[in-house]
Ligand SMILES: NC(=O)c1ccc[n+]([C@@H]2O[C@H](COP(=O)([O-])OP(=O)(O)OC[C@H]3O[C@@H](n4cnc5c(N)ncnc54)[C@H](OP(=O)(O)O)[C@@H]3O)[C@@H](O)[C@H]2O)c1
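Let's start with one chain on its own, the form predicted on its own, as structure tokens.
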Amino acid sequence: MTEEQLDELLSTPSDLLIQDLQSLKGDILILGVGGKMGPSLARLAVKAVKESGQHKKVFGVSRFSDTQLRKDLEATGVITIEADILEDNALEGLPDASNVIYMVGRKFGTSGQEHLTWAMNAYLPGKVAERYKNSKIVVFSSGNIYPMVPVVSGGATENTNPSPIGEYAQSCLGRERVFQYFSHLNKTPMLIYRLNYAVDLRYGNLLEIGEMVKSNMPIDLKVGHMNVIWQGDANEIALRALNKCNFPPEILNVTGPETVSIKWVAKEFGRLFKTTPRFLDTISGDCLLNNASKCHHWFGYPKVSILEMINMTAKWINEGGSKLNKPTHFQETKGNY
């Protein structure tokens, strides 16, 4: 599979998404479109809008340090806007939109620059919520706001009390609370989108595990289980969730249906690579796991299965596919990013 074919796969809308966008009124504004998921989400939105027969505009806002990305998005029909929305008055220059997807956030590099992480994750949301108080807002958040839970628990649900570990996770909960405050203040319909973890072939837990198996690196099992969801499925859920925004804000866990054993994943890669994975002699404890039953009830099960993801990733590694070089640190248990 080429990178162009991968992008096409990630941005092909389902019939259900097309139907949902037909009933969605107004333009779509994606804040933080330059991140890992933003480009494919924006392309998906443009295609779904076109196939729905609508004439909605899809705006993508980012600092666009990668100028080629901006050109690529423009070529697919995304109306791009270069802006650092943390700067004074930047938000006032953005277009009005009835539907906002908030993907802005900071994770890696938090240690040593905690002040910037808090500004991005907890101060900026208040400015955005006030600017777009008359819009629907899907707020990207993280499963990191939950405590570690036993594998047999089935994962944290939306009713599990948050217990974030480390300043990054604390700031994510701060982001949620600030958006919730402004939702209550202005009666803004919102949905808090708690994601844990999205992958495509260029980044994510599966790529990292596959590369460790391929290079015969030992795998630490102190975190023995995880959740994953195909990025294309996660993007589609984010767009369809615009129709689920409510007041008070809805909360939605977004991930795959399985509690996935990392040891099993490594053995699957070993089978495909014809090698035997090596593991460190560590004891697995509680893990960061989400239960996304509510999401699957609303939107159905993800289209791409865990085995499909593993098989595609193994082929991508064997063929020397490109990487984003953005490690997930999914084995981090102390919250240090």
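One-based numbering along the sequence shown. Given the structure is predicted, the values throughout are model-derived calculations rather than measurements.
Omitted here: the form predicted together with the named molecule. The next part is about that form.
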**Study point:** in the model of the complex, the one of Ser142, Thr80, Ser183, Asn99 near the named molecule [non-hydrogen atom within 4.5 angstroms]
**Key:** Ser142
Point to revise | the named molecule: the contacting residue among Trp230, Tyr203, Phe179, Tyr132 in the model of the complex [heavy atom, 4.5 Å] | key: Tyr203
Check your understanding: With a 4.5 Å heavy atom cut-off, would you call Lys36 a contact of the named molecule in the model of the complex?
Key -> yes
Review point. With a 4.5 Å heavy atom cut-off, would you call Thr275 a contact of the named molecule in the model of the complex?
Key: no
Review point. Is Val223 close enough to the named molecule in the model of the complex to count, meaning some heavy atom within 4.5 Å?
Key: no
Review point. Can you check whether Trp298 is within 4.5 Å of the named molecule in the model of the complex, heavy atom basis?
Key: no
Practice item. Have a look at 183-191, 72-80, 85-93, 207-215 and name the one stretch with heavy atoms inside 4.5 Å of the named molecule in the model of the complex. Key: 85-93
Exercise for review: Could you run down 170-203 and flag each residue that has a heavy atom within 4.5 Å of the named molecule in the model of the complex?
Suggested key: Arg175, Leu195, Tyr197, Ala198, Tyr203
